[in-house]
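Presented as structure tokens, the chain that follows is alone, the form predicted alone.
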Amino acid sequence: MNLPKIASISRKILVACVGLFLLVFLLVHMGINLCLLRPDDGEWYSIACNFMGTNYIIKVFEVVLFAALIAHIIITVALQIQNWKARPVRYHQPSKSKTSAMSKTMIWTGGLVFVFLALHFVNFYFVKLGLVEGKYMIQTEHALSSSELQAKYMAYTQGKLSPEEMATFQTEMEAVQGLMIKAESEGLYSDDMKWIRNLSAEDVKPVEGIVEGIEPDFYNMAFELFGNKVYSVIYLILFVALAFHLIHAMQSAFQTLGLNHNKYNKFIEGFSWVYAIIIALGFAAVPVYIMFFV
């Protein structure tokens, strides 16, 4: 794998900048995840997910984030391959530096982080893109407020629909009414009645294009996935790998950018440990809570 012909230090600076950008994003993502722990039937979490999924600024930021993530993976893997090629024979004397063990395992912890991202994308983000089926929810106020449905209803009451349009309208109304009956009988309304939750793909397909506000129900998807103890344990192992990856990544980024100094290297080292532990524990809190307290 060949990188563009730019100086090695330039590639490392690019990796460091992208890495620090991703470190900031992790804090935001962790904060949203912790909303799952609130006993509010997913209100805060749903509002946060809705904002992240509909705000145009966030959508642009999302593209930048994925570009940064892909760039980070490609460049770091390529740099590692180049390092292996440049040093085909191991040193006789192993390095004695404190971070040598973490440095040597960065490519492997990074691989585990990639596994975590792949699982996360398949189980959550790909549902948002419509590539994978998941659970869905509908804002109650939107269930009967589609502008098209309202126009048809007005035409229906005024007798302006043709027989074919009348049949189509009745079929659409039956689909919506069936959804409302299912929500009532199976207790799918949220506590504040703002959402119809935990709908399957089969539930929403009959009303797609008829009602507005159909969104992935990440709240119930998270509880369903993390309720599987095997799945949760795998996630917890990956969070440990993420922590070790972050510890060295942060120190390495500061060093590459020339921000390290003997006066505050100890602080940077300590901060990287604290940050990595907080991130790992913050993400781990959700599956642990769902496994043992729900």
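Numbers follow the displayed sequence, beginning with 1. Remember, predicted model here, so these are calculated numbers, not experimental data.
The following text describes the form predicted together with protoporphyrin IX containing FE, which does not appear among the structures shown.
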Looking in the model of the complex, is protoporphyrin IX containing FE within 4.5 Å of a heavy atom from each of 72, 273 and 276?
no
Out of the stretches listed (149-157, 170-178, 193-201, 113-121), which one is close to protoporphyrin IX containing FE in the model of the complex, meaning heavy atoms within 4.5 Å?
113-121
Check whether residue 62 has any heavy atom within 4.5 Å of a heavy atom of protoporphyrin IX containing FE in the model of the complex, and answer yes or no.
yes
Considering only heavy atoms, tell me if residue 205 and protoporphyrin IX containing FE come within 4.5 Å of each other in the model of the complex.
no
Is residue 56 one of the residues lying within 4.5 Å of protoporphyrin IX containing FE in the model of the complex, judged by heavy atom distances?
no
Examine residue 33 and determine whether its closest non-hydrogen atom to protoporphyrin IX containing FE in the model of the complex is within 4.5 angstroms.
yes
Here the chain is shown alone; which of 26, 47, 237, 68 has a heavy atom within 4.5 Å of protoporphyrin IX containing FE in the model of the complex?
26
Residues in 257-290 close to protoporphyrin IX containing FE in the model of the complex, defined by a heavy atom within 4.5 Å, in order
283, 286, 287
